[in-house]
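Before any questions on binding or motion, here is one chain by itself as structure tokens, the form predicted on its own.
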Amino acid sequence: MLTVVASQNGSFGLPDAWKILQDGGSALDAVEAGARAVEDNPDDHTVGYAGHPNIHGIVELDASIMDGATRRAGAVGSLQGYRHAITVARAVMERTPHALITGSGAARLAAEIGETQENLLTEGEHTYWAAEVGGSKAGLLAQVRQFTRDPRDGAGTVDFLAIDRDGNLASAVSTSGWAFKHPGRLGDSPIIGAGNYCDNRYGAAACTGWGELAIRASTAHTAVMAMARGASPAEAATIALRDLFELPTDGLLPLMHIVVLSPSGEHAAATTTAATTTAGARYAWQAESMSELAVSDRLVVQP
């Protein structure tokens, strides 16, 4: 069954992904197109162009893409100067022998595949950075500790999961990461198994939230392996998020959102926050027989 599932901010790009699937395109093409659209959205400050900058006022992007048919994957981290991180991640998967390329190497690959170089820091984001960080005289480590106290502030990501007419699954994740992060910080988005995992046999999962926790717990992989053992998507999402409450977090809520898709098209999403007004509390999806996308509440998982 044709299906696309996305984090709520993916609603902006879901029509692009859906059109590709309806036209007989691949799940890989669909998730890339959906993520690219969000990377282009200047009103989304957690992904691509106009994303939140790091502590030095520089936008650094992370992304990954995974093919469920082969479990091949590509990812980029700390990419500067190119908005379509998801396309560069796909180039890592399809045009290099690697799975993850970061920093200047990722930027060089972006140039080699013909992506357009540009300044990703918009005037509005520069003003935001200057107001919050620009006047600080503290050292780098002190600044990072000061301005990244809570993962609920300035964090966000876009997730896409899809099934095409051939029954193949694909997943894509793209982000500008935690606002005012340490330069070179990688969250879970470019880490296969942490923020993104996809396997035709069992399903796909992708995360948004406090990336360091998903790295420590391999959260996306945990959800997919739960489905491998017979769990439904809702059960798998719950298992993966509940595991995070076992991690020490210095008293902070282990903020995490997850979307999960099974090979049959069954899907679910969950969150560790009960605040329904937060951006992570809902998710978007579309399946066959639907004329437009739907936005649904996530399950709330608490200790």
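Numbers for residues come from their place in the sequence shown, where the first is 1. All values derive from a computational prediction rather than experimental measurement.
The next section is about a form of this same protein that is not shown, the form predicted in complex with a small molecule.
Original post:
Could you tell me if H221 has a non-hydrogen atom within 4.5 Å of the small molecule in the predicted complex?
Top reply: H221: no contact with the small molecule in the predicted complex.
Original post:
According to a 4.5 angstroms non-hydrogen atom cut-off, is G211 in contact with the small molecule in the predicted complex?
Top reply: Within the cut-off, so yes.
Original post:
Given that the partner is absent here, does T175 sit within 4.5 Å of the small molecule in the predicted complex, heavy atoms only?
Top reply: Although the small molecule is absent here, T175 would touch it in the predicted complex, with heavy atoms inside 4.5 Å.
Original post:
At the 4.5 Å heavy atom threshold, is G156 in contact with the small molecule in the predicted complex?
Top reply: Yes, G156 lies within 4.5 Å of the small molecule in the predicted complex.
Original post:
For the chain shown here without its partner, which stretch in 175-183, 197-205, 124-132, 91-99 has non-hydrogen atoms within 4.5 angstroms of the small molecule in the predicted complex?
Top reply: Heavy atoms within 4.5 Å of the small molecule in the predicted complex occur in 175-183.
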